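This document starts with one chain, in the form predicted on its own, laid out as structure tokens.
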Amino acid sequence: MRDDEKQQSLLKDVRVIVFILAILGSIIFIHPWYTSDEGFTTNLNYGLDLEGGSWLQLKLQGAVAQLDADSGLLVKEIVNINLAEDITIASTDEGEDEVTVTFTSASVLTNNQMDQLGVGQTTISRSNNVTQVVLHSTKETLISTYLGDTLKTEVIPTLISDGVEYEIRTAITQEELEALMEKVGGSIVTDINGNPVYKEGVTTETRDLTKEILSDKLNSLGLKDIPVKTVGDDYILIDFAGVDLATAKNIAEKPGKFEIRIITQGNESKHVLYGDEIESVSIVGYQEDSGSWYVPFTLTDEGAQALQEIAIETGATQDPMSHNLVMYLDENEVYSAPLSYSAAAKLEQAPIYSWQASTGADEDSKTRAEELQIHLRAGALPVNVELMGSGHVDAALGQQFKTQAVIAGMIALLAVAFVVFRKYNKPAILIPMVSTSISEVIMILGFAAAIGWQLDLASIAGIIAAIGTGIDHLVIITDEVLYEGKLPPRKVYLSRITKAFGIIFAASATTIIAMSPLVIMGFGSLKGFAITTIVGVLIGILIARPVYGKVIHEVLAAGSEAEAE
């Protein structure tokens, strides 16, 4: 009867209830199962080391610099590159926010040609066989366009505290950039120490965008969860568990199929253009006038003309609200909206090269605009990437690693059990101590299964480290609770158990702090080791070890009563 009462009181303890629920929940998430066809299966997600497959290490190519140049020479080069026209600069007026450049040409220049340059508003007049163009632009736009047209890449200007920073999304050395700027009377800006403000690499925003595009593209294929990790600002690591190296390279390099169609009648639509007719996609912007987020993009000459012809042919220019432009990525609709009345009216007269896809005004609209920016790229990356390394882990070798990892864990557990038994020589202490360690492993695996976390060799090492840390803490609890080999009086017990948990919390905090840099800085697979260790420590100190303290008290109390009888 007394035993029944003790068991009932133990099960009513909140810590024990939480512990049992955590174990049951973990088993549900892990979902161990056996079938004759597939053998033993679980919901655990294994990484490259344990599943086999391939990995790629990519370097992001680009440069970030502060630049200056002569506005007139910039315009001269831009017109020459795009229109093959040699113009004469008549005057240049560089204001604080705007640049006005007036130039002349013996050729006939049209508004469409100026729009195609995409550098600003122009006023064109012609007299005495001379065309005069007055261009209103900004220094940032001219430098970005000049470099973008010359290098055939995107150049993103960003306003920073000490000027404007230009991100050039292709590989270019400092010497090559200096040579380009000299052609337009410019140079790389120097800092207060006289050093050029230039660095190889990309901005954090571009690195994260590249990672997001890769992750979105790779995981939309439905192969399995493919982790895309960043290392510093310039490197990306991708693990293709279960995928051979040739397939991995093909998946990473192949863009999606992007298509724009126009609604003709009802649900019927007509093809307008494919993604290769989109020349460039800029960063997401916000229109103050309309209060909406938008994604700017530019069509090629063929794309712009195709859109104009089909818009007129389908009647979209006359009734734009009945003829949505619908965008598809891999045959999935990603955007649909009618033409604006102003765009429809302009298409009646000429092709439109620069477009803006608006998504709305709220924060969700901003998110949709960022997603659309990725879709418009059709999986193409914002910067060039260089394959710095690759490798392959054979599936059989992965299975061997998995088996060896399980064996290593069991050996570690048995070794710990042997040492504990030698120390205390009491099965009554050994069983709850080993059971607590096993329960912590189950909860760590349950957590991994719940969030779809990939387990690799580093994660297994983290679990084994968590076992070792946990046993250390259980020994501390046991040593503090034992007083001359038996349970001390209640007052002494409470004092000692409080002291034990004080030591454990301090040691756990130290471990978590020590592992945090690995998590934040993301040193490849070491990040998995650090996360596993931290999760194991938190599960131990918050769920398992308090229950062990309760259980070991009951075990020692029962032993003391048995000796007294």
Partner chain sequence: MKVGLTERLDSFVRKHDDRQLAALPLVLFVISLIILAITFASSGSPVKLGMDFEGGTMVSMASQESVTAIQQKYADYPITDVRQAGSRIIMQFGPMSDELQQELTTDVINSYDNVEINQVGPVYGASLQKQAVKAVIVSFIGMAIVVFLIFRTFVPSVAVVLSALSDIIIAAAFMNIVGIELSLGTVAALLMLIGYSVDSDILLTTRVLKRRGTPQENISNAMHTGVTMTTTTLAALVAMYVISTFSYVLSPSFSQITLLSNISIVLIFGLVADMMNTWMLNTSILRWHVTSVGTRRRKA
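Bear in mind the structure is a predicted one, so any value in this text is a computation, not a measurement. Residue numbers count along the first chain shown, from 1.
Absent from the display: the form predicted together with the partner chain. The rest refers to it.
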| property | result |
| --- | --- |
| Partner contact for Gln454 in the model of the complex: the partner chain, 4.5 angstroms, heavy atom | no |
| Proximity of Ala507 to the partner chain in the model of the complex, heavy atoms at 4.5 Å | yes |
| Heavy atom of Ile503 within 4.5 Å of the partner chain in the model of the complex | yes |
| 4.5 Å heavy atom contact, Ala465 to the partner chain in the model of the complex | yes |
| Position in contact with the partner chain when the complex is considered in the model of the complex, options Ala396, Ala90, Ile160, Ile438, heavy atoms within 4.5 Å | Ala396 |
| Of Lys139, His473, His323, His375, the one that lies within 4.5 Å of the partner chain in the model of the complex (heavy atoms) | His473 |
| Contact at Ile78, Val164 and Tyr274 by the partner chain in the model of the complex, all three, heavy atom at most 4.5 Å | no |
| Region of this chain that lies against the partner chain in the model of the complex, out of 70-78, 397-405, 292-300, 102-110 [heavy atom, 4.5 Å] | 397-405 |
| Contact set, 414-428 vs the partner chain in the model of the complex - heavy atom within 4.5 angstroms | Ala415, Val416, Val419, Val420, Arg422, Lys423 |
